[in-house]
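Before any questions on binding or motion, here is one chain by itself as structure tokens, the form predicted alone.
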Amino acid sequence: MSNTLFINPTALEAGLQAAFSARNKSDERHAAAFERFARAGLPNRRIEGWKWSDFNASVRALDPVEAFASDAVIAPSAFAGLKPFEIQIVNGRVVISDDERPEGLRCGVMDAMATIPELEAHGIVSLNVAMNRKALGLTVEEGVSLARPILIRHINDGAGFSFAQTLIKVDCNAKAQIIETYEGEGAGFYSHLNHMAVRDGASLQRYVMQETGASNIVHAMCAAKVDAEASFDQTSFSSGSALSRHETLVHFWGKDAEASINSAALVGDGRHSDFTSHVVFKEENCVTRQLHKGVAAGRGRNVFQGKFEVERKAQKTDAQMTANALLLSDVAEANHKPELEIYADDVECAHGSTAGALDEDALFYMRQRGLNDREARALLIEAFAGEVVGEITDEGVEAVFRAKVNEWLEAQ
């Protein structure tokens, strides 16, 4: 590969190009992806959609060498009680459980794929495509309702760069539940690209939980294609890190489909959480509900960006978005950017956004009834964030999410 892709390359850019060149079996697709990354660069605050999440500044001091899988003992997951089929991705390396696979599930390591056209200008996604040779592939066969959830554990305990891809297909009229956790105390950068296809009449429930160390840097992109009469339900929780961003791109390609995209971020001092989403309505009579709750303490930063794009053909779209932030200190931050871009004329679309502190009257009322200040504050915060958790329909998953909220409250 040419040594002149970057003009006056920084040490990080030169290191990334050297790391890419050192990889074996690079083909034209990988080379084209790296060239796209070289043109776009890592996102920075001068780009509108990234002004609150500057990845270029955050990873500048990191060594781009690959973060190899460690020999550390991995503790059981908080979701182990649900008896899931577990897959681990440790610093980018896929480890599939030896347990018997649920009937109707095909999974294995396969060749990585290029991304969709809408993401080709995305710097981190282009770098991910360039660096990945293999991907985790999962297929739920037609008409199958998986009896066990699939648990994908992203474990990052390295200090370098690591990349992973997942390709998930839920065939027609199939049902699946996927839980993804982001874990580890590493101080490196982890990038995950997840392509999903939810075919006609299929149903996919996706739960995401991030509880990484304070020094971790995470970028996760989920691009979901939803076909006719299919449903995609996603609930995410993040306690933030040095910088974390979970992006969701949903395309409705068929009529009468629906999605819910809910998220809760509870960030302490010095932590940063970013939930960004873009839902594109391409066919008529599709429904989306989106709810975000963000809590920030100390100098924590909570970012939410949501966009509904309704194309002219997508008549009778019903889409509602709500984002609420709770600031627990004078220096905490909440940055919200809800958007509607509508080209159809027969739709019901709305968005709302609020930010504020704890209600002093409610605190006073609870103290009058015997609660101390810490207990009263915790009860109000739990109720605020619990609105997202309460949308979870699986009791076992809901219990784990509630436990994580309580753990965060106890640590404050």
Partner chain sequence: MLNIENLRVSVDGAEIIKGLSLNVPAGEVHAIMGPNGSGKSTLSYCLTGRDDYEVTGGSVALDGEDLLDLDPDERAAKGLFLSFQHPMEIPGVQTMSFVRTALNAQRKARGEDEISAADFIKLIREKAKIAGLDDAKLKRQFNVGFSGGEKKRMEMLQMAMFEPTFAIMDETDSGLDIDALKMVGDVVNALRAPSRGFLIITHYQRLLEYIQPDRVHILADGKIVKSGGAALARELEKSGYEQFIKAA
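As the structure is a computational prediction, the values presented were derived from the model and not from experiment. Residue numbers count along the first chain shown, from 1.
What comes next is about the form predicted in complex with the partner chain, which does not appear here.
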property	result
Residue (of Ala57, Ala31, Ile47, Leu379) lying close to the partner chain in the predicted bound form, criterion heavy atoms within 4.5 Å	Leu379
Contact residue in the predicted bound form, chosen from Ala383, Val65, Ala350, Ala357 - any heavy atom within 4.5 Å of the partner chain	Ala383
Site test, Phe20, Arg23 and Asp27 vs the partner chain in the predicted bound form, non-hydrogen atom cutoff 4.5 Å	no
Proximity of Glu35 to the partner chain in the predicted bound form, heavy atoms at 4.5 Å	no
is_contact(Phe364, the partner chain) in the predicted bound form, heavy atom dist at most 4.5 Å	yes
Proximity of Ser70 to the partner chain in the predicted bound form, heavy atoms at 4.5 Å	no
Contact segment among 35-43, 48-56, 367-375, 342-350, judged by heavy atoms lying within 4.5 Å of the partner chain in the predicted bound form	367-375
